[in-house]
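To begin, one chain is listed below as structure tokens, in the form predicted on its own.
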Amino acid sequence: MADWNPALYTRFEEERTRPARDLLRRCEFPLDRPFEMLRIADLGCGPGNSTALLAERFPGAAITGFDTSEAMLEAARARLPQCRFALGDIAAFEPDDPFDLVFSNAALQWVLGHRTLIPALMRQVAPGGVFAAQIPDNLADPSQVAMREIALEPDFAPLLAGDVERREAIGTREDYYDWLSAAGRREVDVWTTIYNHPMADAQAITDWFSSTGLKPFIDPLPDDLSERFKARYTQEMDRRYPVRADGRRLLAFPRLFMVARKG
């Protein structure tokens, strides 16, 4: 895929950051432990919106944001010069020393094989530390189904052969509970929240996903076909997300959350 676009991503920053705030509320440490002693990793930090929440919640902590996008890392460094940011692949995350908090907001969906990934990430948590992540759980939603159906249309199928999406259906709540509990984690909490985002119109839904879920579909296409794909997608969003009483469209967005404390 082409590199990520921080400006387009942050157009909906408030909506994208809301789940990170909800996740962070469950990340507690003993009151007698100074924040200055904490080492925190933000996996898939993007432009630093989730990292900013961590810096506000744990002032003085040593925070490092990891991402595979140089453009996102540059935006994050400009936003939070007090934090460290480094190029890093979640699938190969093996730091020299464990972190007290391994945090990930809307990034693990791009990494395959959660049955092995989740225990591997827990191994990077220090004793008494916390692993916390939230993952979009929307592959069955109209917004995602439309992408896959349009990719099969004659205009696009020849250039989008194979599994362009590079995402797999995530596990159930029970799966993540078991994967996190298997190694004797002292506390595990798993839950689902459905956010409902009022969007100005069908085009706004296209704009939302153009910086995330649509990228694997539109990035391989030449510019003219990319624009045609997005136009078709907007037509489908107009059809599948009807106008509400206030003239806007309601984009439902389910997300799965997990928090585990290491014994």
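The structure presented is a predicted model; accordingly, all values stated were derived computationally and were not measured. Numbering starts at 1 and runs along the sequence shown.
In what follows, reference is made to the form predicted in complex with a small molecule, a form of this protein that is not presented.
The small molecule in the predicted bound form is approached by residue 212, whose closest heavy atom lies within 4.5 angstroms of it.
Using a 4.5 Å cutoff between non-hydrogen atoms, residue 69 counts as a contact of the small molecule in the predicted bound form. Proximity of residue 111 to the small molecule in the predicted bound form falls within the 4.5 Å heavy atom cutoff. Of the heavy atoms in residue 206, none are within 4.5 Å of the small molecule in the predicted bound form. None of 153, 74, 187, 89 but one reaches within 4.5 angstroms of the small molecule in the predicted bound form through a heavy atom, and that residue is 89. The chain is drawn here without the small molecule; in the predicted bound form, the stretch among 191-199, 46-54, 33-41, 225-233 whose residues come within 4.5 Å of it by any heavy atom is 46-54.
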